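This document starts with one chain, in the form predicted on its own, laid out as structure tokens.
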């Protein structure tokens, strides 16, 4: 059985804000644009001050799951969560509970967007800012 993986921000100072990771995440699901990405790049002051990469940190005890009234977010081996779309009622508690702002929102589906830890976005980062890594026990 494969070990659980998580996305890791290796060196945020290398980020130039190109958003290739964000576009790749959305494209993974057949969407153009950035609306359904589970990763976000935000400016903290432009070129002079740099950027921040907002992504699920695969919490071992995820607060987003503990506030879900329908158990639609389930803990995943190695940290983080898996979303059961059928159970989700779109309350948004998970978005508010995430201390990193890493639970995004799908306005069209009225459901959260959470990282699947697939690493697709990391393949498209030309600067080595993010990578997918095995979770060490």
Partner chain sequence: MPVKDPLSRVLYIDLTLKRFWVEDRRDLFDKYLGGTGVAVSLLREELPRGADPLSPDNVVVFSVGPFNGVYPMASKTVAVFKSPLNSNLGESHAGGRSSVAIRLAGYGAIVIKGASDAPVWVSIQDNRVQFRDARALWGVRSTHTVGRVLREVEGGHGFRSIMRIGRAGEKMVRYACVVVDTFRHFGRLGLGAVFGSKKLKALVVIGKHSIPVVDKPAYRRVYDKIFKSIMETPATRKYHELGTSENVLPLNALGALPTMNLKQARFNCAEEISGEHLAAKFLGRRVSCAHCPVACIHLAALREPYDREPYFYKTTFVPYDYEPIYSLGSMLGVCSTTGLLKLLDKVEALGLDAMSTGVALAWTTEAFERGLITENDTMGVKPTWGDYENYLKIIELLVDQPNEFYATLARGTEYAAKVYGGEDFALTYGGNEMPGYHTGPAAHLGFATGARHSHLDSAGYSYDQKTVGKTIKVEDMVDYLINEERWRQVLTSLVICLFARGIYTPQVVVEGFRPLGVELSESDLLRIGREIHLLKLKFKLDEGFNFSQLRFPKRIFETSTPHGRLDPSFMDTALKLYQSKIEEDLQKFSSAG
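In this text, all values refer to a predicted model and were calculated from it rather than measured experimentally. Residue numbers count along the first chain shown, from 1.
Only in words, not in the display: the form predicted in complex with the partner chain, which the text now covers.
Colleague: Using a 4.5 Å cut on heavy atoms, which of 76, 57, 111, 28 is close to the partner chain in the predicted bound form?
Modeller: Exactly one listed residue reaches within 4.5 Å, namely 28.
Colleague: Name the residue from 101, 50, 90, 63 that puts a heavy atom within 4.5 Å of the partner chain in the predicted bound form.
Modeller: Result of the distance check: 50.
Colleague: If we define contact as a non-hydrogen atom of the residue within 4.5 angstroms of the partner, is residue 23 a contact of the partner chain in the predicted bound form?
Modeller: Yes, contact at 4.5 Å.
Colleague: Using the partner position in the predicted bound form, report whether residue 124 sits within 4.5 Å of the partner chain, counting heavy atoms only.
Modeller: Taking the distances in the predicted bound form, the answer for residue 124 is yes, it comes within 4.5 Å of the partner chain.
Colleague: Since only the chain is shown here, I'm wondering whether residue 116 would be in contact with the partner chain in the predicted bound form (any heavy atom pair within 4.5 Å).
Modeller: Judged by the heavy-atom cut-off of 4.5 Å, residue 116 is well away from the partner chain in the predicted bound form.
Colleague: Closest heavy atom of residue 81 to the partner chain in the predicted bound form, within 4.5 Å or not?
Modeller: Taking the distances in the predicted bound form, the answer for residue 81 is no, it never comes within 4.5 Å of the partner chain.
Colleague: For the stretch 20-45, which residues lie within 4.5 Å of the partner chain in the predicted bound form by non-hydrogen atom distance?
Modeller: If the 4.5 Å heavy-atom criterion is applied to the partner chain in the predicted bound form, 20-45 yields 20, 22, 23, 27, 28, 29, 30, 31, 32, 33, 34, 35, 40, 41, 42, 43, 45.
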